[in-house]
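Below sits a lone chain in structure tokens, taken as the form predicted on its own.
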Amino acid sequence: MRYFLSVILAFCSSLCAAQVWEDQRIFGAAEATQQLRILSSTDTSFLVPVIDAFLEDRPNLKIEYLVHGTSTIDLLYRQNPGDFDLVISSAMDLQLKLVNDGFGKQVDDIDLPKSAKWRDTLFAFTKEPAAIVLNRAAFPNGDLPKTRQDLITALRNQPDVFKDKIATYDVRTSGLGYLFATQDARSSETFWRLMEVMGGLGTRLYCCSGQMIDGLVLGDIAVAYNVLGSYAEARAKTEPALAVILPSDFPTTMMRTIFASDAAQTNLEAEAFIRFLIEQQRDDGRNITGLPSVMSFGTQQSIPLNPALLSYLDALKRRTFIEAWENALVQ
């Protein structure tokens, strides 16, 4: 039995080692004897300033930063929790489930509102809305949709303009996409009407916001629905073709979260990184990531960080939701 268990563990480790990352970078001195491994869905460019600043006073520490999609992160971490010191993800529900399942380490004295942390184990450091992102060329009169109903009307009025030029997440494979879609569906029936209209026009499905934004810039896509607003706003600064719309009918706003792995060996440095990251994300001019602080958007409500998030992770509810989504969108 002991031999059999060793074989299984070795197999899981080899899977992780063979993983093709969306990005993989090592920060710090090559001769550093301590290492933090961060498993993250956040594009490396946003965290570089924090990592560099954190390492300034830690010459004996290096950080390996590993990027993948939200669903894959959940699977990889569950297979090998001891291989990673910190987990960062925009999929709040998957993060909460990992912590609820006992994978997270309690870190005391993190200065955040109760709404931005869970059991002193899971901590939010950004508040980011889902956006409708448009290529302005598809709206030459400048009359951009401000609500989901406006978008429905625009798509119905000009199907020839938008045929095969609409994009959204594939909720079957994207953890964040699934979170946004289920929260939208809970908020309004407009979501399902929009999915049916988009499905009738041949919507393209993507893994992540970055790919949708690239398609918009190239003109391959005219409309992308539920794109991460923070990523779109950052890109729009240098791409005038992009228009970023935060729907005024109801906002869908997630909080990006981080937790320290209870199975990791470098717990003190992992805790220190969480404290440092939270401190750097204050909404008072000290935010060096460029991502919106968890204190941003005033009183605008985000998706609550509480056990209600776990509802749509139930196997039956997930299957039922995805079937309804496929019937509406994948026509």
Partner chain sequence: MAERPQISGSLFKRLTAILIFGSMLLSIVLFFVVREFAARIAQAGQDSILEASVSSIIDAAVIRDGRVEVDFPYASFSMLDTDQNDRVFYAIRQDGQLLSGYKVIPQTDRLRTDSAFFETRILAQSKFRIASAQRVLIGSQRSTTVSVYVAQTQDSLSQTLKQISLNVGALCLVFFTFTAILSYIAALATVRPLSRLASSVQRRSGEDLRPFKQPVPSEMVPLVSSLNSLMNRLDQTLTRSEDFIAEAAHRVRTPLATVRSYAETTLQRVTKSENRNALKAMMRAVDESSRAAGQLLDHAMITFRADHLDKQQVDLSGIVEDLATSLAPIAEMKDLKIVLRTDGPVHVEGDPILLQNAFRNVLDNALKYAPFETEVTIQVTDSPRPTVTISDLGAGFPNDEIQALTKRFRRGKNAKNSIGSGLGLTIAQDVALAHGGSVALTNGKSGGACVTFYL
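What you see is a predicted model; the values in this text were computed from it and never measured. Positions refer to the first chain, counted from 1.
Same protein, other form: the form predicted in complex with the partner chain, not shown, and the subject of what follows.
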**OP:** Could you confirm whether Asp23 comes within 4.5 Å of the partner chain in the model of the complex, counting heavy atoms only?
**Re:** no
**OP:** May I ask you to state whether Lys117 is within 4.5 Å of the partner chain in the model of the complex, using heavy atom distances?
**Re:** yes
Original post:
Is there a non-hydrogen atom of Gln183 within 4.5 angstroms of a non-hydrogen atom of the partner chain in the model of the complex?
Top reply: yes
Original post:
Quick one: is Val99 in contact with the partner chain in the model of the complex, heavy atoms, 4.5 Å cut-off?
Top reply: yes
Original post:
Among Leu75, Gln79 and Ile88, does every residue place a heavy atom within 4.5 Å of the partner chain in the model of the complex?
Top reply: no
Original post:
Using a 4.5 Å cut on heavy atoms, which of Asn306, Gln34, Asn267, Ser45 is close to the partner chain in the model of the complex?
Top reply: Asn306
Subject >> Heavy atom contact within 4.5 Å of the partner chain in the model of the complex, the stretch among 138-146, 238-246, 100-108, 253-261 >> reply: 100-108
